[in-house]
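In C-alpha cells, the next block holds one chain alone, the form predicted alone.
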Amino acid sequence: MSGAEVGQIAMNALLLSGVLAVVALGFALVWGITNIVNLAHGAFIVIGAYVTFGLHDFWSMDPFLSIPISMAALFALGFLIQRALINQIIRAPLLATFLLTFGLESLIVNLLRFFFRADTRSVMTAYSGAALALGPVRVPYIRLGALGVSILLVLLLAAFLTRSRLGRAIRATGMDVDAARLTGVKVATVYAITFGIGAALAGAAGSLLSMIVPFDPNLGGGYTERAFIICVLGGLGNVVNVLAGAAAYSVVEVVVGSRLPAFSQAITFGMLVLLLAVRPQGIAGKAFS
C-alpha cells in the first residue's frame, strides 16, 4: 500500500468518524440517561434526511442551513414521543422498551414509504462534486463541512452537559435517578428533554448524511446498528468515549471497505462480538457526561 493510499484512507476515516459520532451521540445519550436502547434512532435519522431534502427541493435552501430546522423538528417529535409513549413504560422490563421502539421504527419507516415511496433520494448542490486537494489526498468539501458541523455539535453537547443547570440535571438523573428526584429534579421532564436532544442529534446526522449518501426509508436500520456498535466500543461514560468508539469503528470500516468490501459488515460485527466477550462494559461505565 502506497503512502498516498494510506493518507487517503486516514482522511476518509477521519471524515467518516465525525458524522458517525453525531449518529451515535444521540443514541448514547438516551441509552446512558434513560436506560432505553432506542431502536427507532435510525428512523429519526431518515426523517432528518427527508427534512433537509424537502427544504432543499422546494425552497432551494442550502442543506447546511437546514440542519437547525431539522434538529428543531426532531427535538419536538422526540419530546412528544417520550412524553406520550415511552414515559408510560419507562420502568418496564427492557424487553418492553425494545418492542415499543422497534414498533415505532416500523411505523415511521412505513409512513415514510407511504409518503415518499421507496425511491432513492439525495441532496445535490453546486459544490457536491468539489474537493480540496492536499497533495495526493482528496478531501470533498461536503465531507469537510460535515466534519466541521460534527465537531461543533459535539462541543456544544459537551458544554451543555457540563456547564448548564439543565445539563447537570440530566447527568445527575443518569447517575442516580432517586437522588436526582430528591434534589428536586423533575425526572419525567428530564427524560423527555433527553430523548428530544437524542432525536435532534439524529436529525442533524440525517441532514449531514443526505448530502453524502443516497437514502430511502430503509436507510435507518444500518445506522442504528452502527450507533449500537460505537456505543459498545466506546462505552457510555462521556462524549469523549463516544468519539473514541466512532473513530475506532470508522478506521475498521474504511480499511476493510477499501480491501474487502464484501466482508466489511461481518468484520465490524465480529469486533462487537469479541468486545462483548472480553469487555462488555466498553471503555467506561454507564454515567454520561
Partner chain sequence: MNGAGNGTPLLDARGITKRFGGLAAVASVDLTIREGEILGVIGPNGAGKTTFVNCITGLDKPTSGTIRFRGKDITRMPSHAIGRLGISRTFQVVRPLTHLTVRDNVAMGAMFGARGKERTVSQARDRAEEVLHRVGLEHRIDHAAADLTISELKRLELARALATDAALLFLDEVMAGLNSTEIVGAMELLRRINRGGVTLFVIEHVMKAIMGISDRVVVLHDGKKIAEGTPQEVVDRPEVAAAYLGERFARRAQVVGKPERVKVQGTLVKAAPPVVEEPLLEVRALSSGYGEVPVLWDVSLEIRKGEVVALVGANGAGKTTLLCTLSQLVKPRSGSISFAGRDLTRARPEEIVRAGIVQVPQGRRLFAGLTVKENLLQGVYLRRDRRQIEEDLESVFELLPRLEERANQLAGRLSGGEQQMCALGRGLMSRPRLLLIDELSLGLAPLVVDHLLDLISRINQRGTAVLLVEQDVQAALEHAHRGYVLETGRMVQSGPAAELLDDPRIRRAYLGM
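Predicted, not measured: the structure shown is a model, and the values here were computed from it. Numbering follows the first chain given and starts at 1.
What follows is about the form predicted in complex with its partner chain, which we do not show.
The closest heavy atom approach of residue 179 to its partner chain in the predicted bound form falls within 4.5 Å. In the predicted bound form, none of the heavy atoms of residue 149 sits within 4.5 Å of a heavy atom of its partner chain. Put simply, residue 158 is far from its partner chain in the predicted bound form: not one heavy atom of it is within 4.5 Å. Using a 4.5 angstroms limit between non-hydrogen atoms, residue 169 touches its partner chain in the predicted bound form. Proximity to its partner chain in the predicted bound form, defined as a heavy atom within 4.5 Å, holds among 185, 154, 144, 73 only for 185.
In the predicted bound form, 162, 165, 166 are the residues of 149-167 with at least one heavy atom within 4.5 Å of its partner chain, listed from first to last.
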